[in-house]
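Below are two forms of the same protein chain, given as structure tokens: structure 1, then structure 2.
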Structure 1
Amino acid sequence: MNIFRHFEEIVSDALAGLQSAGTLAADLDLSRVAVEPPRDPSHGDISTNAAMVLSKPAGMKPRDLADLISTALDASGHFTDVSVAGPGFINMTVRDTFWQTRLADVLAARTSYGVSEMGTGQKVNVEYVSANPTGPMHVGHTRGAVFGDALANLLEKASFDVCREYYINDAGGQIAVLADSAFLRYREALGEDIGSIPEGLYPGDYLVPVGRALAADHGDALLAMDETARHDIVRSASVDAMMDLIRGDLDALGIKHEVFFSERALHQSGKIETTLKQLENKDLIYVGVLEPPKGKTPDDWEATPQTLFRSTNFGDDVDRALKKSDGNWTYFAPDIAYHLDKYERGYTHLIVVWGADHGGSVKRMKSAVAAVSEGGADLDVKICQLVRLMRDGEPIKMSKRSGTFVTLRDVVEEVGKDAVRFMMLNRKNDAPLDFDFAKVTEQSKDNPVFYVQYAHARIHSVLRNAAADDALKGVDIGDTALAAADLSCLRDEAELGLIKHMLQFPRMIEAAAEAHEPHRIAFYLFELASSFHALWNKGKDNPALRFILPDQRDATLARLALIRATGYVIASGLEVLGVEPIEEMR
């Protein structure tokens, strides 16, 4: 239950009452009225801008209208205080009993708490990772992989029908380089001394097993084979081997895709030609000449006729080329056909997760989706900025071509899946991120994944102690019994603050899902963990606030209800991030 929907109804009822009384016009547009928590908690629990946005159409001063609305809200009986602040904001303080009784909702839902019906089964395609299958995944791929997977989890939590998809770039020049590199390793496997790897080929040892497998399957037959036929065999075997490697890397992060879509199959299907023919029939493709790129002058720019897409019709800066000078397709052409294929599969909401070097392609891709779907699909491109890997305060340099890169598997094996996933989500996707090996294994508040998991483990430690406590022998401390406890015992400011914090979770899920920003859940969990740890520490200083009080059964059961509910919310949030809610720190 998003409790703010409840308060929206209360504000709506107050406004409807003013409309019925003739104080406000019956046809007044209420769509801009917002009901949300105030930025400063000292101002109350709920705030609304109703008077601010309705004053002009109502022909009243904001403060005067705010006074009328606040009087109606005060009369509703839901609040202990309703006040007008500043130019006309209305702040409300909710009765403690409302917060206390809502714990039963969390205990009933358990880790399903936060599930929203917002998506109502709408189909969403989330394409992420899509790393070129030319080697194992390195740490630079990790951020997009974790971000895309967490975003898919988040959208599912909001009841969208999500497809996780990987686009295999198996048709470009890098695949030809991969095949040549694997063939070299094949010759090595046959006993040839290949010397140092030539410049331009992939030198990594990960291709040694590919060469050996080719030798085992074909003996020396490939050496005498026609180059085209040989290349097809080596290319296919190499891509399959690299995709197996990549799937294993993703599995180490707990990531699985439902669909792996081959670019090469797209080329072979004729889909590119048919897609572009459709655009041509709509007069969206023409042969023309582009202006010199930025930084080029007419003197050093050779203007040649090209096949162009009218992307400027859809808000792009310039029209975009579909063919290279050698007659082959640009990367843009198959991308258009691929996104049309997604749309034809029934996905009207398309999300793609790209690396920092793809930022310049966003406008053209949005234009293409608008064109091929005739406005029926929307595309959101999420750019993941670079990750700087640190060790002992020094950045670790990586080069895929030189073979000196840190793999995703290396990082997961050193610090664990949970630390990798949480830390990759601990910044907004479009902000650079430093991944420090020392920080992500540190057991302190400075390490957010530890701090959140520690809160969950502490909660379960208290619950284990309660189950073993002689004063509670024979007492039911299951969820149903705790929900029926006297929750009015939870009166301390820190206890009520923790309840209010956890009850914001459904609203956070909806806001993060709408914005496609899973990092908001990581931030929320850290703040919730901070509220819990603060209450724990308060109990250390004040024994009357401890969770287990042998001589006060009612207070103990109420506090066990409080922390068990907190544990469920933490576990629900960690589920979105793909992080395990551990029950015991080791």
Structure 2
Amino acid sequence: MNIFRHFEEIVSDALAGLQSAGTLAADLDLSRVAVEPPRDPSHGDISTNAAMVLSKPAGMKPRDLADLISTALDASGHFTDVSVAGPGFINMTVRDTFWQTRLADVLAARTSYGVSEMGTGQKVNVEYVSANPTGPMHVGHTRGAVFGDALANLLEKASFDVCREYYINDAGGQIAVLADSAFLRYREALGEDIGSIPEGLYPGDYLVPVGRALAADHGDALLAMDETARHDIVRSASVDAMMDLIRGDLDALGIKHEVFFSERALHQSGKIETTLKQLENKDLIYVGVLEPPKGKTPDDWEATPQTLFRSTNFGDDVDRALKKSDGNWTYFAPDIAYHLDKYERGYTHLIVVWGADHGGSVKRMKSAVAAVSEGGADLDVKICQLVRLMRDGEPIKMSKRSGTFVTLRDVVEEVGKDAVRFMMLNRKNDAPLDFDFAKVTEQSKDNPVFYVQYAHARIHSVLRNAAADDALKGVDIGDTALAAADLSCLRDEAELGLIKHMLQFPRMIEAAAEAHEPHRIAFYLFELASSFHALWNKGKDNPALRFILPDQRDATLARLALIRATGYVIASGLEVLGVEPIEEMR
């Protein structure tokens, strides 16, 4: 599917020929040989750095080696031109027919164009969102949610076996606060005047229905109940209710996790103890006293002995505490057990998506995964930087107190799922992002969401017009018929350029999946849309380049094939981003 693989084979065949002829050593390391499209299209269609990379081990000057390789490539008969340029690049040109007929591949694959075998079904676990279930999701969670989901889509397109996972932090102190807050709402539901919500509890209205439901289910029975038993009931009901809220929020963004993993269940299973026992057996746990942080010592610092994990053995800066001073586990201890559990479920590639404020935990988590899997699993922590909400260029100030708090739902309802998703992916994950409500809904080139969707809609507009055109009455313009059209009609530079551009898509998928960087797809789609819009306008200047030519059926069918294929590539890319490819904009 990735046509550059095809050319890689041709190049490696040529190199193998030189090896068997004795010109090149048989044990040459070919891993650095790249076969890529050159940056400048005037250099040709394909380029390789083989001569420069191999010149030293071959003991030859790059240009001399390039001449040899280039002769072999020329003899392969695949190219209309092979030339050596610059310091030793070998540039190859393929005949137009090659490119034209590749359109049939796209038309056959449709929106599955770009699917790569790269992942070979390897299991990848992507953990994202994992927001504490203490309320609805706020806008700060949005970027990580969209990023993780798009990354999962991307890896699926690259043939990884992906699990989307959510870690429910339902065991910590914040959950106790949630339960207390819900209990207050329960008393309120029973008719008690609870006054204003005390400091330290969650004041949000979203707990009112939780209180009512508890009252409906239990009457006033909870009031007389033993505190531990009551707390269990209230906590469990509250967490369930909050997770329902969160699932609803995620659903509005088009996100569905396959696994929701409960931290509380982890505590109850005894898995934490067994995991740490394993580490203890490897002498990776000890009781010791940490040095206070250099430069800035907290006021309440005490040099007390703690149960520590030897994360410094795995590259961390200091060893990390596993138990709090009250004897409970720190968040880190269950997290270690959780990651072991992922590994034991067969996931050797682990990805977690965190907010920027958790950047300090990356090394310890990687250390833990290395220790617990004995190097069998790799962990990639993707850090999403903050999003600055803007309105007409002015930052929106948020605070929970003043009620100017923006939820994820607010954003989705104002600008729509597609716009939110695309904009969140239109920046590298580790760079801060401005999100301007005005810009995101604007219908102009300023707004990449619109620009890409508009290209797709234009394509469908042409297809609708073609279907309704008298000159094409009774003519089959289905995908199979278009694939069989005389594609050699596509001779204009802009047409060939568009074809070559869309054929890069499988390469983009592989590169983006390899790097765990879905934003590359967003940028690619913007550029592909740009190629299409340019061709469209060329037809305005030169009517001979219009897509529908009533008196030239062959050329029309070829051009419909071209734009139909473009539409599939755009749709395939949008599928990765989780954005709808709309067919009409009015």
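Here, rigid core means the biggest group of C-alpha atoms that superpose within 1.5 Å across both forms. Just so it is clear, the structure is predicted and the values come from calculations on it, not from any experiment. Residue numbering: structure 1 sequence, from 1.
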Form selected (criterion: the form predicted alone): 1
Quick one: core overlaid, is L68 moving 2 Å or more at the Cα between the two structures? yes
Relative to the superposed rigid core, does T93 relocate between the two structures - that is, does its Cα move 2 Å or more? yes
Once the core is aligned, does A571 move its Cα by at least 2 Å between the two structures? no
How many angstrom apart are the two C-alpha positions of P38 between the two structures, if you fit on the rigid core? 2.5
